[in-house]
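Shown below, as structure tokens, is a lone chain in the form predicted on its own; questions about how it binds or moves come after it.
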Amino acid sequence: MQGRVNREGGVHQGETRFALVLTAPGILVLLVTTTFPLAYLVWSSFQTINLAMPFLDGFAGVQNYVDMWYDARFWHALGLTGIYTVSSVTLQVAIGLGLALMVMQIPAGQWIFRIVAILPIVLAPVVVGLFWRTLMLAPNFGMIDFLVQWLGFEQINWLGAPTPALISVIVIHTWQWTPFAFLVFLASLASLPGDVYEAARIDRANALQRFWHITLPLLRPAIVIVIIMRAMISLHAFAAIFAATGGGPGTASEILNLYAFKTSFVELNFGYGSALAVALLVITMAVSGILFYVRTPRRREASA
């Protein structure tokens, strides 16, 4: 009996060591690529690191965060980040769900819509930004500007005026990532039980009642997951905005991630730029925590 226990213990220890050998390279890569840079970012946020004035470099304590609190440009970028995130995520969920409901009414040929929906997703964000800047929104030659003038409206400087520029980057982000929400919702709708809808039709529930009382509650987990994933991406969006507007005109489309980039790599103030990046990280973690907290009770209620 004792020998059997020893053999089982030895096998268990061997499996543990084998598992550690398999996971060690991945853990090492994560430490090198994420943990160490993150620790250095936090350390840098408490330093004065300015390549334009290197003679002032040294330990700054919380001064970078104090300066951030009184920085009007920071609050402006934070407000734009909120507008950008809420608007783009809301549009992606609403349009994606609407398209999924429409395509579900087409019994044959849904694979065509799936293939077409994948195309914007696989494009690099910087390519998407340049595509919209040069082909869709270019003054006089852009397709959107041509359509607006053909309809009899005045020409709009989409990327050169503050409000149109912000609307444009929201549209660009929505155009690229609405297909993601569409594909998730389409797969979720296809898995819903048909007998529930049949019972609702027998009870003479109309289309709106079936959508509100059956479809939405059953899609709630998918909707929450899409909101969480898209909100996290929107909060630190960068490439498409940088390629399309560069944060301009002025700071009209400069979200917090872009402000941190410009502070670090254009103004060469790495200490303050690191503090901005840490602030964005904290905001992202707080938003994701709130969204997961909202989702968890719903899941428990559904299982209860």
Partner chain sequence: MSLHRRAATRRKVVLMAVAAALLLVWVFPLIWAVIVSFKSESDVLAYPPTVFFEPIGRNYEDALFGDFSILDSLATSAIVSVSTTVLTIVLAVPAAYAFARLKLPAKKSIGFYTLATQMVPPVGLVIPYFLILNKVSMLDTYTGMIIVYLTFSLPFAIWLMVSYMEDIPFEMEEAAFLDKATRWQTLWHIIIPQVRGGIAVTVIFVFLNAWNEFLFAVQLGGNTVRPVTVAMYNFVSVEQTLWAKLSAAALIAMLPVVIIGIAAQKQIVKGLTIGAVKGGGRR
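Residue numbers count along the first chain shown, from 1. If you superpose the two forms and keep the largest set of C-alpha atoms that fall within 1.5 Å, you have the rigid core. Small disclaimer: the values here were computed from a predicted structure and weren't measured.
What comes next is about the form predicted in complex with its partner chain, which is not displayed.
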### Message
Can you tell me whether residue 238 touches its partner chain? I mean in the predicted bound form, with a 4.5 angstroms heavy atom cut-off.
### Response
yes
### Message
Under a 4.5 Å heavy atom criterion, is residue 41 part of the interface with its partner chain in the predicted bound form?
### Response
yes
### Non-hydrogen atom contact residue 93 with its partner chain in the predicted bound form at 4.5 angstroms
no
### Message
in the predicted bound form, does residue 149 come within 4.5 Å of its partner chain, counting heavy atoms only?
### Response
yes
### Task
Pick the stretch from 121 to 129, 158 to 166, 192 to 200, 67 to 75 whose residues have a heavy atom within 4.5 Å of its partner chain in the predicted bound form.
121 to 129
#### Entry: Partner contacts for 93 to 109, taking its partner chain in the predicted bound form and a 4.5 Å heavy atom cut-off
95, 99, 102, 105, 106, 107
### Message
Using the rigid core as the reference frame, would you say residue 282 shifts its C-alpha by 2 Å or more between the shown form and the other one?
### Response
no
